[in-house]
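In structure tokens, one chain follows: the form predicted on its own.
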């Protein structure tokens, strides 16, 4: 469909929450906040890679049409309101008087430009395209009103808009991911401006004094990346930084008793899970027989083998002994209370004997050998978790070697489908279509599905269930469809859910923090007491 000035055809081509301080507190705020995060920020391009560390920094520099609060509920952002005026048409009223950091005015044309760019970011390892593919047309009614037409009824459009950061058409026309990373293009409407960036080390920010929303307490922020757990805790205790995320669980008890410190925590929306090689029928690269000889067929394609590997895992023991209680064993994406939670689907108890029987039925009475990969600097205790799982698998006859790698190396290899089995995590929007579209759906670049389906799982029946759910306007019926699709995926062991992370931050006692279920660590959520 052709693009016109008024009607744009798109995408065919394409806790412990703290209270806000009063004015007096803000006036006495320290001018600079030194904070440290436990995972590296791999890009400042807000449309390059769906990763929480990247999204956290994007939320400081840029804004979305619809923002989310600490419990992941939708809140007005660059859009003041949104209304379904027909089953397939949404009208968005945009906020007036908003300016980008370079002084350019925010208008509806910037939203149109952003929607065009999102599915066309080169080499994106986990694209945001799924959030704009349902859009058929965008009509610019006036400078601050948009009407978005979708490919049929699409009730999830507002939720999808919580994932997209808006760029400036004039500033960002033709810019590359490298331009963002160099800082030249890191220009948004958000509460902070980027001052400097050293990849993998730190980002320096200054407050956007013209920000339309609540004024951040700190005028300047040093946002450091300290991925070593001990070093991060030591930096907090020594006063080198005042705030850290991903508090090492081994330090939790000690930090909680330290009178100089305060904690903030909440059950998150991040599931830690295992993924398997689903796309090779023949030999999988890190699997051999029990004697170490190549196996001509991929045992992970056999449902009985996948079930056996899942049954062998003692999730409660991992949470208790490795995570020090900072998690909840789970057999699904969400904790109770989230839309499309499956009420009668508890975490599986370990059953080593049953696992051995399944392996024998699958033709592996002597088991086999496998290498389990994972990161060692991305999630709390990630390296120790894969060690524990390796021991549990070895007890059922699957002799497991463990290989933990730095996140940037690991995630690139996982994206290329190099592994047979690996540990990874996913932070969801609070409804089931988000993880289903990204982790379970068959990879489809045109639809934007399967963007983070690194094991290449594919089940056309589940794809069809998901498609039906996405078009269902009635919330109750849509929830049941999403529950059915999730249940089918977990019964087929598309992935192996392990536990839902508890998000924990630590800070000097003179600070307070509004915790977030989405685990984003943002300077605007930190204020003096």
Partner chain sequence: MTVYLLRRISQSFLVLVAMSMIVFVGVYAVGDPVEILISPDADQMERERAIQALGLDLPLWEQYGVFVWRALHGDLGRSFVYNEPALQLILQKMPATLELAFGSMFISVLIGLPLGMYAGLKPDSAGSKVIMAGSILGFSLPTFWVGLMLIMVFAVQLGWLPSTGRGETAHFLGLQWSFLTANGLSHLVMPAINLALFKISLVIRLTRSGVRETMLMDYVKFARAKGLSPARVTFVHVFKNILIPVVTVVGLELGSTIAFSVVTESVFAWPGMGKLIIDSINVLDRPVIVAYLMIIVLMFITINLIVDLLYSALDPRVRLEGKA
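Residue numbers count along the first chain shown, from 1. Only a predicted model underlies this, so the values are computations on that prediction, with no experimental measurement involved.
The following text describes the form predicted in complex with its partner chain, which does not appear among the structures shown.
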| item | value |
| --- | --- |
| 328, 459, 104, 181 - the one with a heavy atom within 4.5 Å of its partner chain in the predicted bound form | 181 |
| Contact assignment for its partner chain in the predicted bound form, among 409, 196, 83, 366, heavy atom within 4.5 Å | 409 |
| Heavy atom of each of 164, 213 and 418 within 4.5 Å of its partner chain in the predicted bound form | no |
| 4.5 Å heavy atom contact, residue 290 to its partner chain in the predicted bound form | no |
| Close approach of residue 122 to its partner chain in the predicted bound form, 4.5 Å, heavy atom | yes |
| 4.5 Å heavy atom contact, residue 64 to its partner chain in the predicted bound form | no |
| Heavy atom of residue 281 within 4.5 Å of its partner chain in the predicted bound form | no |
| Which of 468 to 476, 482 to 490, 46 to 54, 499 to 507 sits within 4.5 Å of its partner chain in the predicted bound form, heavy atom basis | 46 to 54 |
| Residues in 309 to 345 with any heavy atom within 4.5 Å of its partner chain in the predicted bound form | none |
